[in-house]
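Okay, so here's just one chain, in structure tokens, the form predicted alone.
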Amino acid sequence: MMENNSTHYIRPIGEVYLPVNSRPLVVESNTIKFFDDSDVRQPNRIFTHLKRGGLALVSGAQGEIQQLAEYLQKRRNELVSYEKPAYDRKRDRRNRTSTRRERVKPTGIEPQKRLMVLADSEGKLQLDPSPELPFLIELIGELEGINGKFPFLLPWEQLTDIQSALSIQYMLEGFECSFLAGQSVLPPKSQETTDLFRRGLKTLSYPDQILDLGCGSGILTILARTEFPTAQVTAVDIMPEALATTKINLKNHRKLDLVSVYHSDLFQGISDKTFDVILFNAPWVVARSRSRSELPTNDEKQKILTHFFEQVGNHLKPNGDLLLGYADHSGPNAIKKLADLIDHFGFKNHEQYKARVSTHRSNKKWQTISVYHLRKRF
């Protein structure tokens, strides 16, 4: 169900869906105005509109819009916003024009955030040429279908960031195709982590149901589907952009129709399902997430890890296997907490696969990553 402030009327387009990240911009702006391809070639008109505090929705050739964005960026220091001062009765008596809008210097107005583009209800961008970006509504961090029948907006800056992220290919040994990673999604760069999970999977005997929890880029989903071609594989993640990335990689690896992909906060979205094997490459940095890109790696006070163990027993079949990825990045106390959780919730460590890898931290050049092969004690 849509929120009351989730759509906005723009002439001559009609009602459009506003993604959550764009709503504050719409509230702050005076108006959203549509500019077609002929307007894009006259950047001063659009600059003037932005200068008055508005948002510019543009269409036309991608190259010309990029030139417009660069032009606006060069003149960003000239941008000012307009605001109406508080009403002052005495001043109004002296000057009847005091309630007129006044110019004030902006606080970091970024023109590329105020320059918007439009995608139709299916996610096809109204640009020439229209870039091939499947699952676009999810790539911008929104749930599939949340826009309903409406087209939706996204900032030009966000579009270019997504395209930049998806332009990088990650090739890992043991796979026929490369992998991509959307904006804020953990890139599948760790050959060591993949190899450790592969070692764990190779010890298992033909499971029927496999879950990749927190699928991210989908690399473990594809690994599981490759190792067990007849198994039913389910992939879930809390971040829509991760679900989109997983589906893009599944499509590129010709496995999209063989995997079920769901939005889920841990097991919340699949509460009625149980599995023979559960894969979880858990966030291993014990710290608060300061940005969306840190959500896949950061786990403040190991709350996510704790909630996982509180729930996982209800979703693992008798004699089922749990492959849990973790690193000693945050020191021995974090590893002790993990060991305590394993013991407290009735698991035993059947096997542990390890690899020592270099880090980019100044105070710690090496860390050990592990995949724990856990089973319930009986």
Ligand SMILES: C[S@@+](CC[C@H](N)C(=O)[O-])C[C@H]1O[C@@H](n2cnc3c(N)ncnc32)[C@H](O)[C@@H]1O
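These numbers were taken from a predicted model, which means no experiment stands behind them. Throughout, we count residues from 1 along the sequence that is shown.
Just so you know, the form predicted together with this ligand exists too; it's not on screen, but the next bit is about it.
Have a look at 136-144, 235-243, 201-209, 161-169 and name the one stretch with heavy atoms inside 4.5 Å of this ligand in the predicted complex.
-> Among the listed stretches, the partner-contacting one is 235-243.
Counting only non-hydrogen atoms and a 4.5 angstroms cut-off, does N249 reach this ligand in the predicted complex?
-> N249: no, not in contact with this ligand in the predicted complex.
Using heavy atoms and a 4.5 Å limit, would one call G214 a contact residue for this ligand in the predicted complex?
-> G214: contacts this ligand in the predicted complex.
Can any non-hydrogen atom of P296 be found within 4.5 angstroms of this ligand in the predicted complex?
-> Residue-level check for P296: yes, a contact with this ligand.
Might S264 be said to contact this ligand in the predicted complex, defining contact as any heavy atom within 4.5 Å?
-> S264 belongs to the contact set for this ligand.
Contact residue in the predicted complex, from W156, F179, F152, F280 (heavy atom within 4.5 Å of this ligand) | It is F280.
Answer option from I270, V286, L258, I304, heavy atom within 4.5 Å of this ligand in the predicted complex = None of the other options qualify; the answer is I304.
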